[in-house]
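Take a look at this single chain, the form predicted on its own, given in structure tokens.
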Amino acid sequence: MTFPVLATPLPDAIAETVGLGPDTVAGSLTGGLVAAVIIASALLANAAVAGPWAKRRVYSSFIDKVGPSRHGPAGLLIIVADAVRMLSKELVIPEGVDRPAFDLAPVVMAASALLGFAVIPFGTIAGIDIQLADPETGLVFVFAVASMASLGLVMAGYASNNKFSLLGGLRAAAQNIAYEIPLVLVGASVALFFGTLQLGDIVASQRDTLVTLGPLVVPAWYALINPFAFVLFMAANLAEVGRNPFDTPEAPQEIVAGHMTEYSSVYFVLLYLSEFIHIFLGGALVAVLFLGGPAGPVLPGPVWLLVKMWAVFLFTQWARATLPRVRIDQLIEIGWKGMLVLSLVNFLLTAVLVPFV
């Protein structure tokens, strides 16, 4: 199923604005690079707000504390203070580290999160489609590049020459393998239902009306069509982004900070921001696959997608503040004996029901 494109893609609009044809090599490269910088800057700004400020404010409200309040209105200037504090610190490299892997791990983790947004449809604004690309295998691309984060975690744990970091890296590898397969299977069931791997088409398919209740029109969002798949995806996503009850790769009470224990200064900032960009990438996937993507009344599409991404972020923080951490053996058992079986059941039920829906 292919839907007509009614808006100008963002890279093409930028190429036309600077006087280069979107069909030329120079125009395509310029438009793509500038569009990528714009989207990456917006995502990094989101992560900068979420990490130093929003995370603390949300968590403090759960445990009856004040949280950031002294630096600027509502403590917002803590973002600037933390940035200056972390980036001005000395970059300490411990003895005995595997230097190439130690240096590359933060870059791999941050890049894997940002690359996933290359195919996320943010919606249209002023006749411009805010999306870098919409390939036919967009869903496969997102899962492929996001899985590179597992490599970064293992690299950081192995290269740090620290037993706690190594344990965190090994836990991360075991956890991501156990929960990535159910995550992909649930995503594949969505693609099976809509008959496409193209994220733009999956979003367009959810514009239909599921049911009309008087003046209320309920959209055909997949979360309403198959809430079982939605719950499974949300649970597996918690494990993928390392939030309670699945935060065993960090587990400060057990292994200090896991893979991040030996990192400081700009390297720590990259690891920290990549963690939150991955949470927002998971939120974007939840929104696109289950919540109609950028669909919503009154406000522009990009605003609605950001609202849904932040809603998923707030859910992860609620889980972090309220759910106890499971042991590593319990985590693996839940993944292989629970999530995997349930995701296979969901996939088979979807395959059986598709011809009748």
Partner chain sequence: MVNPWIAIGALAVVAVVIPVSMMVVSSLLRPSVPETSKRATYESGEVPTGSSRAIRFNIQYYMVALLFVVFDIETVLIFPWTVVYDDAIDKVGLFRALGPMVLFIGILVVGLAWAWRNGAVEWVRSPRADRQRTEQQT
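Not measured: the values here are computed from a predicted model. Numbering follows the first chain given and starts at 1.
One more form of this protein, predicted in complex with the partner chain, exists but is not displayed; see below.
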Note: exactly one of Gly67, Gly296, Gly51, Gly32 sits with a heavy atom within 4.5 Å of the partner chain in the predicted bound form, namely Gly32
Among Ala321, Val326, Val307, Ala36, just one has a heavy atom within 4.5 Å of the partner chain in the predicted bound form, namely Ala36
With the partner removed from view, which of 281-289, 67-75, 217-225, 261-269 is the stretch that lies within 4.5 Å of the partner chain in the predicted bound form, judged by heavy atom distances? 261-269
In the predicted bound form, does every one of Ile79, Ala146 and Val303 come within 4.5 Å of the partner chain, counting any heavy atom? no
Contact test in the predicted bound form: Thr24 vs the partner chain, heavy atoms, 4.5 Å: yes
Wondering, does Asp201 line up within 4.5 Å of the partner chain in the predicted bound form on heavy atoms? no
Taking the partner chain as it sits in the predicted bound form, is Pro245 near enough to touch it, meaning that at least one heavy atom pair lies within 4.5 angstroms? no
Would you check, heavy atoms only and a 4.5 Å threshold, whether Phe164 touches the partner chain in the predicted bound form? yes
Judged by heavy atom distances of 4.5 Å or less, which residues of 120-143 approach the partner chain in the predicted bound form? Leu132, Ala133, Asp134, Pro135, Thr137, Leu139, Val140, Phe141, Phe143
